[in-house]
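This document opens with one chain alone, in structure tokens, the form predicted on its own.
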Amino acid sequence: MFENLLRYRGGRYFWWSAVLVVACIGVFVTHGRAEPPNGGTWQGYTLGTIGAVLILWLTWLGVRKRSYRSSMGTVRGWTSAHVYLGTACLIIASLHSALQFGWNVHTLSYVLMCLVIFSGFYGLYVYINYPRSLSDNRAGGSRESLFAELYELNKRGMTLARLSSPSVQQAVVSSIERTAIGGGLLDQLLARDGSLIALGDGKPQPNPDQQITIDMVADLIPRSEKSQEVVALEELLSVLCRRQTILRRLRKDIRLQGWLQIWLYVHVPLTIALLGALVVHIITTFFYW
């Protein structure tokens, strides 16, 4: 993805953006000494117009991504241009404002633009790094294959637990039935484990990472006097440890997938707010300045 996005066609849009930024800096430095740089000079209007056009074009990426029959370039090319021109927009807007801020809609537009751009930087980071982490975590498989293996381990664990003492059977069955995966938004993003287990008193208690169940079975192995029970407990321990590994991978998969998508729930609303503030900024500039 790094090669395809940032280095698309030899970094074509990096150079386009660099040329645009240099040209805008050239416009900015033409400010004379008679009037300090600000958004109300012809230079400020020029830079503001370029920035506004860039913002409108950048927001069009969402439409282009869903226009599957469009012949206006590839989505990959549009995304690469989106990254570089979005970065250039930050510089151009700063030149337009000359970094003169106040408690008004003009500063609000600038702040919203910065939030949109920096949330986009985070989106770029996760799209470059997280897909590989997801693939490594799944070991070349899929989330469905992890759940399928977990289902088989659950069945095998319950079968083996029936060959052990009632206390072991109760603990294993309870831990499997009360295993929590996913949960609320924060649970998913932080990979929290809300699993429970009910032991002798029947009162559920936290069982993070299934460690209570694993420790219980492991402690029973050296104390068991029947060889058949030892074999069953050892196999059960192996199943529980493998199950622990699969659960860790599932929670990590959900966490990575969540962070891969959550930024859009910030980026898109901020973009809509920016468009609204930009319209007000333009109207107030032309009618009241």
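This structure is a prediction, so every number in the text was calculated from the model and none was measured. In case it trips you up, residue 1 is the first one in the sequence shown, and so on.
Keep in mind that the form predicted together with ligand HEM is missing from the display, and what follows is about it.
Checking 231, 29, 53, 264 for any heavy atom within 4.5 Å of ligand HEM in the predicted complex turns up a single hit: 264. In summary, among the residues 160, 95, 171, 113, the only one with a non-hydrogen atom within 4.5 Å of ligand HEM in the predicted complex is 113. Annotation: in the predicted complex, residues 208, 210 and 246 none come within 4.5 Å of ligand HEM through any heavy atom. Stretch 81-89 is the contacting one of 146-154, 211-219, 185-193, 81-89, since its residues have non-hydrogen atoms within 4.5 Å of ligand HEM in the predicted complex. Using a 4.5 Å cutoff between non-hydrogen atoms, residue 46 does not count as a contact of ligand HEM in the predicted complex. For the chain shown alone, residue 101 is not a contact residue for ligand HEM in the predicted complex, no non-hydrogen atom being within 4.5 angstroms. Mapping the unseen interface onto this chain, residue 120 counts among the residues with a heavy atom inside 4.5 Å of ligand HEM in the predicted complex. Looking at residue 62, you'd find a heavy atom of it within 4.5 angstroms of ligand HEM in the predicted complex.
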